[in-house]
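Just one chain follows, in the form predicted on its own, and it is written as structure tokens.
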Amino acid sequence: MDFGLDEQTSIVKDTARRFFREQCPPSRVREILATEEGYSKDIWRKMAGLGWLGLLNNEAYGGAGGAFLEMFVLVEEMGRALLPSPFFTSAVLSSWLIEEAAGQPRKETLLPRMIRGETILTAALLDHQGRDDFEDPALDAHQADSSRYELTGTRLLVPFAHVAEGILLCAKLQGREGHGPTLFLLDPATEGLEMVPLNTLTKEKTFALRLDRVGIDADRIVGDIGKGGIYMDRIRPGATVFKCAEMLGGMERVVEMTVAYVKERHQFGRPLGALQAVHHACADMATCLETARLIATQAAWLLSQGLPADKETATAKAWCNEAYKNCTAIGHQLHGAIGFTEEHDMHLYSQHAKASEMAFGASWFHRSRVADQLGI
């Protein structure tokens, strides 16, 4: 396996690094998080102009033809900058699901608008306990008549639901026309849908959705009845690896900030970095970063080639979960008190590390998947 990037992927990475350095420094991140929308419409339009919203989509809809490794390095740079944006839920999860599951008319209607940045979708994947339940959804869909269903249940931690034009969710359908996990595209303005803002660790705009017999037409079903879990299972490995890439970018920035600080900070007449114990701590951070980079890149490369990567994907997520937390913990320790203040950037990354750990499976979940792959 070649860990080097080809020319096009290198261009995407370098362009993204410059773009986010200019458009989204930490001060801008704080400003964006404090707005009502929770993201920058200007940055969103510029990303659309660069073609980033359609990297995973077919060229027939205006996309880049499924450039998996380009998306990997792009999301890595977003994690480095901690960009507050509906990019992951819309341009990755939702557009990928639409491409995977929807019929041709819906693809032709939605995808070009999403790629141009005119439409934002979000995905409501977690049940009332915060668990990914698409294989056996706790959200019920009962058939009211031949052309209408009623949805009842709760979805937690739905990002950017307040700015989305559609919410993708998987419900357990029970009716004459069929049954099983089924994808629906819900209009956020639908009567009976309650949208409750959540105060989350990262301060990104996230909501709980409460549905009590919310009516939805049968033509809002995405894909085939009973195959929602299958569609979700197809995109889960890639989405998990992209989350690893986001964590990788954050880790890289934490290591850079910490190494720069211990070189500049003087204590007892010499740089803090001159102490051997500090050398060891920085080496531990570098080890976390480089091992995470190797294992996440391996999983990404396998998936980009269409090769089986269940074990590698689970290993990467379990490792990145712990490595990112360890990096930020050491970073806080070496920065001392200044690293715990609101004015410093370190806390932004430690919060991101904790939130990312829970997305697409915590460490225990992925360790169990690795054990299953090993037959133990």
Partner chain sequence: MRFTFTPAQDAFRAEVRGFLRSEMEAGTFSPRCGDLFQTGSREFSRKMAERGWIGMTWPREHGGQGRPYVDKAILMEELFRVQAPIGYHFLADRQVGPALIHFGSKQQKEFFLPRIVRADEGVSFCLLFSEPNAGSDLAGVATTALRDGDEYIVNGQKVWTSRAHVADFGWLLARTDPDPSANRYRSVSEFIVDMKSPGITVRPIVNMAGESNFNEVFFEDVRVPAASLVGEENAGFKQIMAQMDYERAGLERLMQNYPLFEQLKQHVRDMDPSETPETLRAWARDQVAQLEIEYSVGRLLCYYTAWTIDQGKTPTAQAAMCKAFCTRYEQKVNDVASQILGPVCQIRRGDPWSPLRGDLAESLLWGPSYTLQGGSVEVLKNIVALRGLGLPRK
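These numbers come from a predicted model, not from an experiment. Positions refer to the first chain, counted from 1.
Not pictured, yet referred to below: the form predicted in complex with the partner chain.
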**Request:** Check whether residue 318 has any heavy atom within 4.5 Å of a heavy atom of the partner chain in the predicted bound form, and answer yes or no.
**Result:** yes
**Message:** Within 4.5 Å, heavy atoms only: does residue 85 come near the partner chain in the predicted bound form?
**Reply:** no
**Request:** State yes or no: in the predicted bound form, is some non-hydrogen atom of residue 277 no more than 4.5 angstroms from a non-hydrogen atom of the partner chain?
**Result:** yes
**Message:** Quick check on residue 265: any heavy atom within 4.5 Å of the partner chain in the predicted bound form?
**Reply:** yes
**Message:** With the distance limit set at 4.5 angstroms and only heavy atoms considered, check whether 5, 157 and 200 all reach the partner chain in the predicted bound form.
**Reply:** yes
**Request:** Could you tell me which stretch in 141-149, 162-170, 87-95, 124-132 has residues with non-hydrogen atoms within 4.5 Å of the partner chain in the predicted bound form?
**Result:** 124-132
**Fill in**
Contact with the partner chain in the predicted bound form, heavy atom within 4.5 Å, among 196, 257, 218, 230 goes to 196
**Prompt:** Which of 103, 188, 271, 112 has a heavy atom within 4.5 Å of the partner chain in the predicted bound form?
**Reply:** 271
**Fill in**
Looking in the predicted bound form, the residues of 309-335 with a heavy atom no more than 4.5 Å from the partner chain, listed in order, are 311, 315, 318, 319, 322, 325, 332, 333
